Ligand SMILES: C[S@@+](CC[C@H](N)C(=O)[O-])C[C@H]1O[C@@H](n2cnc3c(N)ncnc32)[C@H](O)[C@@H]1O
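To begin, one chain is listed below as structure tokens, in the form predicted on its own.
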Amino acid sequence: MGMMQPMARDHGRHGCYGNPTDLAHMIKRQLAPARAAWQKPGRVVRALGLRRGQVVAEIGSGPGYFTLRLARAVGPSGRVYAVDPEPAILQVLRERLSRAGVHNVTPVLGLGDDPLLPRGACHLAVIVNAYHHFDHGPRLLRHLTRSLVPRGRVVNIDWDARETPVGPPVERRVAPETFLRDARRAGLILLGSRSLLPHQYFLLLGRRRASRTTP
């Protein structure tokens, strides 16, 4: 999960990262050990409240900064669907999973407005640093909502709408109120928020008819 490119863009011959050099730079940036200082992945995964055997959808997985952590959290009896629009990125993810001996992750080549996930399969869908790249966010959220079990949850973590030491330009960021408006259009309601990260917001959502419980 991380600084993925627009899912709806026509990738063309070189893919959405332009060329192999751009791709390698993006992978290096996403997997850099220094990222942990501000992304706090351990804290984020604990806040998700995952249980063994659950199914998680990771939207915008990239090369898998969070993927392996999510896979460990749900255990061998659980499943992680790692969704990304770039085939080359998913190949890097597969190689990392193979080296780590992780077998409970299914890479998924998503579309710009549809993560192509099984209907009613996921206990939790997680989006980190990715929603601001979606050209058709509300439509993608509608498809994502259909992939949830009846009491399934969505967590969106994205950049604060202000200048920060890391992250995209402010004009490319999606403020939380904008995301929540899109989420309501997709049949989701806000269940809560967490102040975990120095540069990002953390929003927990559920289906409109769901009760207000934590994941």
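No experiment lies behind these values; they were computed from the predicted model shown. Heads up: residue numbers just count along the shown sequence, starting at 1.
From this point on, the text means the form predicted together with the ligand, which you will not see here.
Would you kindly say which of Ala125, Leu140, Val74, Leu93 lies with a heavy atom within 4.5 Å of the ligand in the model of the complex?
Flagged contact: Leu140.
| request: Tell me, yes or no, whether Tyr65 is in contact with the ligand in the model of the complex, where a contact means a heavy atom of each within 4.5 Å. | output: Looking in the model of the complex, residue contacts with the ligand include Tyr65, since a heavy atom lies within 4.5 Å.
* Quick one: is Ile59 in contact with the ligand in the model of the complex, heavy atoms, 4.5 Å cut-off? -> Taking the distances in the model of the complex, the answer for Ile59 is yes, it comes within 4.5 Å of the ligand.
With heavy atoms only and a cut-off of 4.5 Å, decide whether Val80 touches the ligand in the model of the complex. Judged by the heavy-atom cut-off of 4.5 Å, Val80 is well away from the ligand in the model of the complex.
- Task: Report yes if any heavy atom of Arg146 sits within 4.5 Å of a heavy atom of the ligand in the model of the complex; otherwise report no.
- Result: Arg146: no contact with the ligand in the model of the complex.
Requested in this report: Name the stretch, out of 29-37, 43-51, 146-154, 174-182, where some heavy atom lies within 4.5 Å of the ligand in the model of the complex.
Outcome: Every other range fails; the passing one is 29-37.
* Can you name the residues of 112-151 that have a heavy atom within 4.5 Å of the ligand in the model of the complex? -> Residues within 4.5 Å: Gly112, Val128, Asn129, Ala130, His133, Phe134, Leu140.
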